[in-house]
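Take a look at this one chain, the form predicted alone, written out in structure tokens.
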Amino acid sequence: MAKIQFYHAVPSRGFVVHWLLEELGLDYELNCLDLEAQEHKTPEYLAVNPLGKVPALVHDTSVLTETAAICLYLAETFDSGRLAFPVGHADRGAFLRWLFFAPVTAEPSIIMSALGQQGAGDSGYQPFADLSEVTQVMIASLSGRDFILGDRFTAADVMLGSTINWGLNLMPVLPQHPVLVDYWARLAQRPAWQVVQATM
């Protein structure tokens, strides 16, 4: 099997992919780019991702760039049903929903709030969900559960947990609600996350 080439930078969303690689116990080559030195803008890296963004992953003939796409690819290619649900499984829809909810809905809401741009402009158009609504959805969906899909940890928890950690601790605009805080505390105890945290 071809070795996985993983392109990362600290800090970046690459830590999400790094976490999942460790959860899966995969053999990979870590290529940590120095953003200050503009290593993500070199011709060599732009051949991998023309936008010059990280993370990126190369495996065999597959080149992937979007964080959620990379996580889905890894979980479905190497997981054997442990961290993902196969097509036809009753929980696959919920798995996909939360896997993409994190970067598509929650993350933009956190960014916009942190930048003080939450809410509709003069036109009344609001391109991203309101942070308070996103927060309530996450709290309601995690209440009484160890993980977002119940008692089973999946790649969706890697995505959602990373986003909640970001909103609680790194760009702190999420409320310190016990449901969110306890959820992240559980995930932060996982050995794979501990490996990643040691590199941050």
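All residue numbers refer to positions in the sequence shown, first residue = 1. Because the structure is a prediction, the values reported are computed rather than measured.
There is also a form predicted in complex with a small molecule; it is not shown, and the following applies to it.
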Out of 167-175, 24-32, 135-143, 62-70, where are the residues with a heavy atom within 4.5 Å of the small molecule in the model of the complex? 62-70
Any of the heavy atoms of G150 lying within 4.5 Å of the small molecule in the model of the complex? no
With heavy atoms only and a cut-off of 4.5 Å, decide whether G161 touches the small molecule in the model of the complex. no
Might A156 be said to contact the small molecule in the model of the complex, defining contact as any heavy atom within 4.5 Å? no
Evaluate V54 for contact with the small molecule in the model of the complex, applying a 4.5 angstroms cut-off between non-hydrogen atoms, and reply yes or no. yes
